[in-house]
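Subsequent text provides structure tokens for two forms of one protein chain, presented individually as structure 1 and structure 2.
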Structure 1
Amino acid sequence: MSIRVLVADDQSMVRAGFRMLLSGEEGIEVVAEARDGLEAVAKAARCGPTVVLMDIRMPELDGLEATRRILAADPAARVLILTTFDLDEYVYEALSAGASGFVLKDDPPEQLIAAIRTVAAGDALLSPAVTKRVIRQFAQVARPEPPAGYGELTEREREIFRLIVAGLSNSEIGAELHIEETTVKTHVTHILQKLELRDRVQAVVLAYRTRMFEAEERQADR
């Protein structure tokens, strides 16, 4: 069965270009076109396309919201975001909207076609230029950066630090660790001094900003 494509773009030239480009391709068929987001959602519901080529900037409803609606109605659909710019915000929003991929209109034709086949097969795909940007951001996000001065903390202090970061009060920490609140206070003072922080609030901010406890969190979230 061939890949059924819906092209959603507000410029008729672009739609015609894709229709032309894809007409020569074996196993790919453009089954519908849409000139705005609402039309895209409606036609997707009627035609059940395998892949939707979705522009972001469109009247009525932008491509991101249209993507959310189409996927809500048909989770099996694959949306490939098309845009002229490789702006960060689009990448983030498009991916969180559920898009399977992201290509630039500047990408060479064969790359666009390959992208369609890839997402139709169930894989995800990013244009190389976009991938680079995502990787950079991803690496930044995923990096469990070592906070300055953290090495100075003793084992016990680290333990208490984690509980502070979890939002516990001193008395709660004491109960948790079976030690007196006064002892907890002593540790807290040392922690703040070593990390050069003013209060526990800043300790929490530091911990999250530097993503100190990434690993534990990921486990806890499951």
Structure 2
Amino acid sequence: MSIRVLVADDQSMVRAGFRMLLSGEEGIEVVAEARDGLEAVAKAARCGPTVVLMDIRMPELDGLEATRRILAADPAARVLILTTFDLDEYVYEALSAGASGFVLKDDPPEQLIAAIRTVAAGDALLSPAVTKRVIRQFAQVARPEPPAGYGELTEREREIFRLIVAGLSNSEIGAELHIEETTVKTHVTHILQKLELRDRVQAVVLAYRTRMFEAEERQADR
């Protein structure tokens, strides 16, 4: 089954570039293009793309609100944020709104293609650089109480949760804890279910927003 992609960007040359790049990729099909956020929302509803490549800065309706509307209409949709630089102030908000990750417009083509495949497979794309440079900067609202469901996590699940927040992939977590990657995936699934989160991106956002691990570290130091 092919990955159906909607490209939303207000620059026609950018849209054409993405279409040309993706047209040569096996199993990937560009099913629609959108010039602004309103058009992106409408075409997402009409075409049912697997992945939406969403530019943040667009007329009529920006990519942030468009992301919210697309995910409200279809929670299974996957949105990959496009930005020109990795400190875009809207990236954190887009991740909070449910986007599955972000890529830079000047990333190498193979990196963009890999990102599309990763997100289409149901995973999330959040590098350690994003964790440190974006989420730390914009997750300023502290909530002292841990989120609902956090108390249900086992010791192993909390350990894996910490490594997710540190930006490690499933394979890296497996290597760190000396367990199989399939075991890590099972634990991650349980963590997301207990915390009622859609993917690991939202898990990281939640951890920084609540500062849950900072509180635990302070208690351990006492």
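Residue indices: 1-based, along structure 1. All values derive from a computational prediction rather than experimental measurement. Whichever C-alpha set is largest while still superposing within 1.5 Å between the two forms counts as the rigid core.
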Completion exercise
Only one structure is the form predicted alone, namely structure 2
Problem - Is_shifted E180 between structures 1 and 2 (CA, 2 Å cut-off, rigid core) - result: yes
Handout entry: Core-superposed C-alpha of S23 shifting 2 Å or more between structures 1 and 2
Key = no
Problem - Core-superposed C-alpha of S12 shifting 2 Å or more between structures 1 and 2 - result: no
Fill in the blank from the handout: E196: Cα shift between structures 1 and 2 after core superposition, Å, came to 40.1
